[in-house]
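First, one chain by itself in structure tokens, the form predicted alone.
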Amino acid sequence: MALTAEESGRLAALLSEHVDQVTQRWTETVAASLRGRLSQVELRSQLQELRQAIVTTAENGIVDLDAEYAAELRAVLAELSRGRARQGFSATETAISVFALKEVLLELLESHGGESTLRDYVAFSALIDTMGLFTFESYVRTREGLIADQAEQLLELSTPVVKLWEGVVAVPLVGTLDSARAQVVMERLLQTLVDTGSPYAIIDITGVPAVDTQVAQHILKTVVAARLMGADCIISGIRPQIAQTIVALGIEFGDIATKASLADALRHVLRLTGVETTRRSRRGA
């Protein structure tokens, strides 16, 4: 929604000539909806900045939120939305910060408006609605970004790579193994192999509730990638139910070593490295 040059001029004049009244009433109205979750000083500063951006845009002539000269106004609205989203405010609480300006303008028009009061209020309200929608869209984009970042962080936390012994690392998997998580598992395992120079990696699937063809393919791809890095992989956590499922599905792990538990897998690796044999010979001596 765009304002005409005359409407834009009257809007700029209202917001410029009654700065204190606009800021005070706008702050009070928004603060009531936020229930003290944002300090009056911070809220007042945000609304003053938004008021000034509206005035600056209106002084250019026709107010059109999509126009190039409205870039500053869009930037202020976007920053307001991003800040509220990061602080945990709801979309409604964020949008009210913009929509509350309607009530303030109505009071001003009733007190200082002329013959065009009703027409101006309708035009100003339409502009504020457009600003509110822009704020809501910016808020949603920010929230989606935050959720995506948090999901990625949780994904990384759910796929730790731990060092069990010198030259031995393990990936204890818990929960469903989908394509996205499998990619994270592979990347973290390969990076750990590079960082530690470990020749052995144990992939423990004790916490994986079920193994189907897709899960098996993800595991096999991870093993192949690790082998390309010069590391041997052992799969542990093969419970009886999982073993039956693997056989029923015709899944073949080929020459990949599999063990019933993580402890069995670690003992297997220690035998391969000669650690267990060395300890026995010391006890015999």
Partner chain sequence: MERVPILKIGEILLVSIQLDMSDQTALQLQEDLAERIVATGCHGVIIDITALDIVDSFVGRMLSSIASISKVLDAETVVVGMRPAVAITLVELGLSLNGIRTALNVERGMELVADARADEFPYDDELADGSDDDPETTSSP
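Positions refer to the first chain, counted from 1. The term rigid core refers to the maximal set of C-alpha atoms that superpose within 1.5 Å between the two forms. The structure displayed is predicted, hence computed values, not measured ones.
The same protein also has a form predicted together with the partner chain, omitted here; what follows describes it.
For a residue to qualify, one of its non-hydrogen atoms must sit within 4.5 Å of the partner chain in the predicted bound form; none of P209, V215 and I251 qualifies. This chain lacks the partner; the member of R239, R44, R37, R227 within 4.5 angstroms of the partner chain in the predicted bound form by a non-hydrogen atom is R227. Between the partner chain and the residues G83, P160, G145, P199, the one pair within 4.5 Å by heavy atoms in the predicted bound form involves P199. For T130, no non-hydrogen atom is located within 4.5 Å of the partner chain in the predicted bound form, even though that partner is not displayed. The closest non-hydrogen atom of L190 lies within 4.5 Å of the partner chain in the predicted bound form. Taking the partner from the other structure, the partner chain in the predicted bound form has no heavy atom within 4.5 Å of any heavy atom of S125. With a 4.5 Å cutoff on heavy atoms, V194 counts as touching the partner chain in the predicted bound form. Partner contact region in the predicted bound form: 178 to 186, out of 134 to 142, 87 to 95, 178 to 186, 72 to 80, criterion any non-hydrogen atom within 4.5 Å of the partner chain. Contacts with the partner chain in the predicted bound form, taken as any heavy atom within 4.5 Å, map to no residue of 68 to 97. Put the two forms on the same core and the Cα of L101 is off by less than 2 Å between this form and the one not shown. Once the rigid core is used as the reference frame, the Cα position of T222 differs between this form and the one not shown by 2 Å or more.
The two forms, fitted on the rigid core, differ between this form and the one not shown by less than 2 Å at the CA of L77.
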